[in-house]
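A single chain, nothing else alongside it, follows as structure tokens in the form predicted alone.
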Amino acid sequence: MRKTADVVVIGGAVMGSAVACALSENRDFSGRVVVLEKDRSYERAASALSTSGVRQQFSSAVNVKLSQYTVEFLKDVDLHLGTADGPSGVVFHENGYLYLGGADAVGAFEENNSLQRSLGVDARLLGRPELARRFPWMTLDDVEVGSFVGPGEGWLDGYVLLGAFKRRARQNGVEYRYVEAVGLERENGRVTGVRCSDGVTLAARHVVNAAGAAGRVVAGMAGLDLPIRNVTQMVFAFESPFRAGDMPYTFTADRLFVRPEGRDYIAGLGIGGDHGNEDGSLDVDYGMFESEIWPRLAFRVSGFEEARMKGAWAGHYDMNLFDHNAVVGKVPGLDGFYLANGFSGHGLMHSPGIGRGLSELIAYGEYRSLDLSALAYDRIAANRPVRENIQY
């Protein structure tokens, strides 16, 4: 059976739903948008399983600007994502982000700070004495420098954001089909449709690959070999009698991340270079809390010596091996096919800007509000990486 659409978005989690929502909000686009999502429950979606941080502290201008767009978006989130049934439900906890580094990291921190401040980010470099005054409950013996942004950075609930994008898109007429994309149709250097697992083929003028962990597989259907692998990150929830109500989302040089979650906390190890499970399984190594996480927690915050694990989960990362940054936009020589892949942990926080950017690229053939060309696919063949100075 054949059906038609103007745009087919493969992947209906936060990125695909952000693209679909932005298209449905674009006054200059009136086409039919269909989203394909194989997991109706979204139980395995990275959007639902991430730690859902939002930060402006990047060392590449395009990522800083994407985050700035998200922060502005969240200030009026109910205007953007509320529906006739009520507000969006999205709450942005702006406790801030704190990066800690030793003496060897001072130069990179200073370089990052210079870029961030030049773009209008209120990022502050803090030495050990100032860190001790601001965070007296933190051990800083191995710390030489910290980078902190207060309001404008923090976290939210990724599953709630996903649901808000989806509800708004559906209110605007976007159709969601809970099937798997199993193939692409191509003709004369153009992607012309998507074959679905239920036997339906959707002919389309535009196809967006927003398939998250399956993004490389979908790209392969178009003859592309994206340098992306699916890894997983384990997150541990714990309770402690210690209370640090003003704790920011904290990253340390030994790759520990920790932040409050309600009255409890969550923690884990940053993906970094090669950390993670390449098989993409969502199995959890519960022993990792005692062997890796708890010692780091107890060292950094003495009050966490009595930390007790309450649960754990694992979530997907679509890691771009080329430079740990997203691949976004058109594919040279393959008209009608658009990429939104390889976000390497930045996807949820950048979904509003990526959604808007791709909606403009589809509607106008160019970026208008936010130039995402630095993230283009052709940078890989040109060996033009978008680097981040510090990978935690």
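Throughout, we count residues from 1 along the sequence that is shown. Given the structure is predicted, the values throughout are model-derived calculations rather than measurements.
What comes next is about the form predicted together with a small molecule, which is not displayed.
- Considering the small molecule in the predicted bound form, the lone stretch of 85-93, 316-324, 198-206, 100-108 in range is 316-324 [heavy atom distance within 4.5 Å].
- Using a 4.5 Å cutoff between non-hydrogen atoms, residue 309 does not count as a contact of the small molecule in the predicted bound form.
- Contact annotation for residue 112: none of its heavy atoms lies within 4.5 Å of the small molecule in the predicted bound form.
- The small molecule in the predicted bound form comes within 4.5 Å of a heavy atom belonging to residue 180.
- Heavy atoms of residue 345 reach within 4.5 Å of the small molecule in the predicted bound form, making it an interface residue.
- The contact residue chosen from 148, 73, 249, 289 relative to the small molecule in the predicted bound form is 249, the criterion being a non-hydrogen atom within 4.5 angstroms.
- Annotated contacts: 31, 81 and 169 are all free of the small molecule in the predicted bound form [non-hydrogen atom within 4.5 angstroms].
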